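Next up: a single chain in structure tokens, the form predicted alone.
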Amino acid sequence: MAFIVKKNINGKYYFYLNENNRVGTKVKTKTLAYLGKDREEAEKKMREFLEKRTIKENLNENTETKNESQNLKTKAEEINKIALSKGFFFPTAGIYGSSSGFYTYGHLGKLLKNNWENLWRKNILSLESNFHEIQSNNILPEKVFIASGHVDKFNDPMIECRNCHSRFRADNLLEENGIENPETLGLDEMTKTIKEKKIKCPQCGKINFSDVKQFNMMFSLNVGFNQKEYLSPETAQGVYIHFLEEFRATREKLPLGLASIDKAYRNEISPRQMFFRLREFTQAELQIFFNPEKINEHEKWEEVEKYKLIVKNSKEEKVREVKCEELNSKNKIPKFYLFYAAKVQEFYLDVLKVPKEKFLLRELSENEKAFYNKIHFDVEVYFDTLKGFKEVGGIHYRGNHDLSGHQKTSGKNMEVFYDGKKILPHVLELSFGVDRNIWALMDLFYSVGKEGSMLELPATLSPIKASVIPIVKKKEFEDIARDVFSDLSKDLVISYDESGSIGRRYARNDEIGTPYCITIDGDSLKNKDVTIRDRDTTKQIRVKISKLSGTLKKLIEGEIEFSKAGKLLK
């Protein structure tokens, strides 16, 4: 823990930032920074120092070349600069030094997160009429996780530096040192590889690691008088334990989809890479319960049979675009699974606007996937800041593992009567890490435009949809601008910006991803119209104020081209 120290030097007081660290059996104090002569200023500098250090610790700066390192580091730092200064996210409790793996969404970040979640509901949750969202508890009894296998098997491979006692995920450490697919290695193989490659500790640089061992990532806690329970490491279990109630409440039909967007908790060994690996995070998950006898059927199969999925099979090195019908006939992947895989890919390519070359469905090998998953493809997106394709979601055919586990542990029969007989439904899970998706969007859509840094987010995702800008601070301009702002704010998140030059105001809005700036100028007074500026092209059109709300909504939803939405200015 870092703390401020006040020192008397020759009768004058100075403030320093110190930190205690345990080295072996001793505690040593280190001075981190000089903070000045004023207490209030010292506290401000301490907060700034600790926030910057937290960001640096969370960035993965291991790169293959010096130039690549500088480019990736710069992009990550620029995104973080925007995030911190504009209100996307902050390290939680930064004034106290914060802890790795915990972040707080600021006002813009929360809007972006809400937009992602609402698009997920609109495009994934709405795929079938019998799909519903529920909300369980984040704290669940120990027996729930005994039944699911988490108590015994929810482990990550951990390794400890004997020199500085820092702990790391062994598979991450291997991957960062050029070992591909380290998840396929056993504990002994990981230990052997780390020793053979003479991998150094990222913290102290020494080569002195312990053997790799398993580390359970569950957060346990006592409820009431010493009743052991756990913080949920995934939202899915809260759905499974209430399947029977929802099946009855929804008129006993299959398939039945039960979704949850909620917090999950994992005691990560060494959280880093910003939002990619957190200890408290948000998941959007849809559990689809279905009759296993109908796994090679889907009533809407015709919609996707010719659709090409971007896949990398576990036994192939190449990424291919393959029609769903071929994956069904040759790879024996069921139609039920492929239908939802296609809809997930459409969500990323068509709705989130992820570039095709930066999207991938990667099949996990037998050694990588969870033992209960019969089919497992990860949804991956290419991150510049993380140097490659990384998982942001998954499509998991879990069989009846979860319902059978809860049936055995609880003693409650989880079978249902359907199609004239009793069955134990199987589950197809669509799982998404919301925070990882937010980081992916900022990575994908960060760029440098004419006015400087900008986020070219799709309009449906942008936190602020438009900014109303009176060109000068005069009552006649401000009156119109306020009326426009008031009208648009009824349906959309709109900002009002009257400070600084027009160029600076455009730049501020570009930086946070605002797709449109609406300027009230001299012509607005005479003609009752405004200028709309497009963020990505900087083109401008004139639109009548009476038609502004409808035009803006069509632009945001992509229903009309910008150049055709009004009179194009040259």
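What you are looking at is a predicted structure, and each value in this text was computed from that prediction instead of being measured. In this text, residue numbers run from 1 along the sequence as written. Heads up, when I say rigid core I mean the largest set of C-alphas that superpose within 1.5 Å between the two forms.
Not pictured, yet referred to below: the form predicted together with another copy of the chain.
S.K.: With the partner left out here, check for me: in the model of the complex, does some heavy atom of Thr460 sit within 4.5 Å of another copy of the chain?
M.R.: Although another copy of the chain is absent here, Thr460 would stay clear of it in the model of the complex, with no heavy atoms inside 4.5 Å.
S.K.: With the cut-off set at 4.5 Å between non-hydrogen atoms, does Glu305 touch another copy of the chain in the model of the complex?
M.R.: No.
S.K.: Contact with another copy of the chain in the model of the complex for Asn291, defined as at least one heavy atom pair within 4.5 Å: yes or no?
M.R.: Because no heavy atom of Asn291 falls inside 4.5 Å of another copy of the chain in the model of the complex, the answer is no.
S.K.: Looking in the model of the complex, any heavy atom of Glu246 within 4.5 Å of another copy of the chain?
M.R.: Although another copy of the chain is absent here, Glu246 would touch it in the model of the complex, with heavy atoms inside 4.5 Å.
S.K.: Among 121-129, 184-192, 375-383, 308-316, which stretch sits within 4.5 Å of another copy of the chain in the model of the complex, heavy atoms only?
M.R.: Among the listed stretches, the partner-contacting one is 121-129.
S.K.: Quick one: in the model of the complex, does every one of Ser546, Phe562 and Leu568 get a heavy atom within 4.5 Å of another copy of the chain?
M.R.: Answer is no for this spot.
S.K.: Using a 4.5 Å heavy atom cut-off, which residue among His107, Lys206, Lys387, Lys197 comes into contact with another copy of the chain in the model of the complex?
M.R.: Checking each option against another copy of the chain in the model of the complex, the one that comes within 4.5 Å is His107.
S.K.: Ser365, Asn155, Asn331, Asn267: which sits within 4.5 Å of another copy of the chain in the model of the complex by any heavy atom?
M.R.: Comparing distances to another copy of the chain in the model of the complex, the residue within 4.5 Å is Asn267.
S.K.: Counting only non-hydrogen atoms and a 4.5 Å cut-off, give the residues of 372-398 close to another copy of the chain in the model of the complex.
M.R.: Nothing in this stretch is in contact.
S.K.: Comparing between the shown form and the other one on the rigid core: C-alpha of Arg169 shifted by 2 Å or more?
M.R.: Where the cores coincide, Arg169 still shows a C-alpha shift between the shown form and the other one that is 2 Å or more.
S.K.: Any CA movement of 2 Å or more for Ser453 between the shown form and the other one, core superposed?
M.R.: Superposed on the core, Ser453 moves its C-alpha less than 2 Å between the shown form and the other one.
S.K.: Determine whether the C-alpha of Lys213 shifts by 2 Å or more between the shown form and the other one once the rigid core is superposed.
M.R.: Lys213: C-alpha displaced by 2 Å or more between the shown form and the other one.
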